[in-house]
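A single chain comes next, written as structure tokens; it is the form predicted alone.
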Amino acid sequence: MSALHSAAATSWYEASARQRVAALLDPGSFKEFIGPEQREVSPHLDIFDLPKQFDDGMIVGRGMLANKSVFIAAQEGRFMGGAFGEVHGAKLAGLLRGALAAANELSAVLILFDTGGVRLQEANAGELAISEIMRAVLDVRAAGLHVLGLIGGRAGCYGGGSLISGCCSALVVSEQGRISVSGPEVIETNRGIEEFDSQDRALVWRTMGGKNRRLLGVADAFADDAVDSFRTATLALLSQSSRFDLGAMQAEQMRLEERLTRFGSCPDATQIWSALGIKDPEKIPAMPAGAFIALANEIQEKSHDAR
């Protein structure tokens, strides 16, 4: 099977983190940092009699994407929901600091999010890691590098992971790529089922799912579930400039304020889509990826040069 065919045939949602990295990058180009043989595992999980994993659910390294040198990190959502702990977070923070030191050699840092947030068993270490990673992402962007987030895995991108994704220069999302600070069950627990019914899967997907996030401008590109679609969208974003200065931050703040004013009273995503000018908003959830990408590109909220 050729590499191109492999990427086209590989489902991002179904693939493991290592399969995503292998299919996304140029064949044979990935070189892992702190590989499985080093057994850098969590020092805390034994206390809770929980299983450890040889890479703590975080793969970091460097490789080539269409002959462009990149640093890459991938979370394994099948291990503890891709949650951040001490080692898991330190590997990503270290990669970003390494990228800053090697900025002149790189085109971008890619982060393949697949996370439910922070591990409850390592909450303090996980929260500290999130703050260090956010600072490191901004430092790398200030050095002129793209930091792109790719989201389409089983765990989605929740909690601290969503905060990190908000610091990235751009995001690629698939329909399966849910993005939210709080998950459906957390919202229901704290605000009641009248506020958000976590068992209503259609509500969850049209609120947190990739299509709504793309239409709102949270994500900058939409991919079909195949790895080659993520690759194509990533390369397109790499070809764009990555502005990061005070003007860009002020434009982003203005955009968020305008979004709240415009959509804050909408009780459902379908009403937001209607307000965006979509004639048949109820058809969005079942719309094929190709048709949705064309629609989103046509009516997407303007970004004001910032995310």
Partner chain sequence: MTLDEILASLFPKGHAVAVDNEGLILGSGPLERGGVAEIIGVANKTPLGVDGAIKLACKVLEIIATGASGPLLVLIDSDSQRMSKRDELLGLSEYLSHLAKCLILADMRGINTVGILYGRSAAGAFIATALSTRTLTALPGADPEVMDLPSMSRVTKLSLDVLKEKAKSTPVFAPGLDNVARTGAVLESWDPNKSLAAQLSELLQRETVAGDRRDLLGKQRGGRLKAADIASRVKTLATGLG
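Keep in mind the model is a prediction, meaning the values are calculated, not measured. Numbering follows the first chain given and starts at 1.
Although it is not shown, the form predicted together with its partner chain is what the next lines describe.
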Among 276-284, 41-49, 22-30, 234-242, the region lying within 4.5 Å of its partner chain in the predicted bound form by heavy atom distance: 41-49
4.5 Å heavy atom contact, R214 to its partner chain in the predicted bound form: no
Heavy atom of I187 within 4.5 Å of its partner chain in the predicted bound form: yes
In the predicted bound form, L65 touching its partner chain (heavy atom, 4.5 Å): no
is_contact(V227, its partner chain) in the predicted bound form, heavy atom dist at most 4.5 Å: no
Residues of 124-139 having any heavy atom within 4.5 Å of its partner chain in the predicted bound form, listed in sequence order: N124, A125, E127, L128, A129, I130, S131, E132, M134, R135, L138, D139
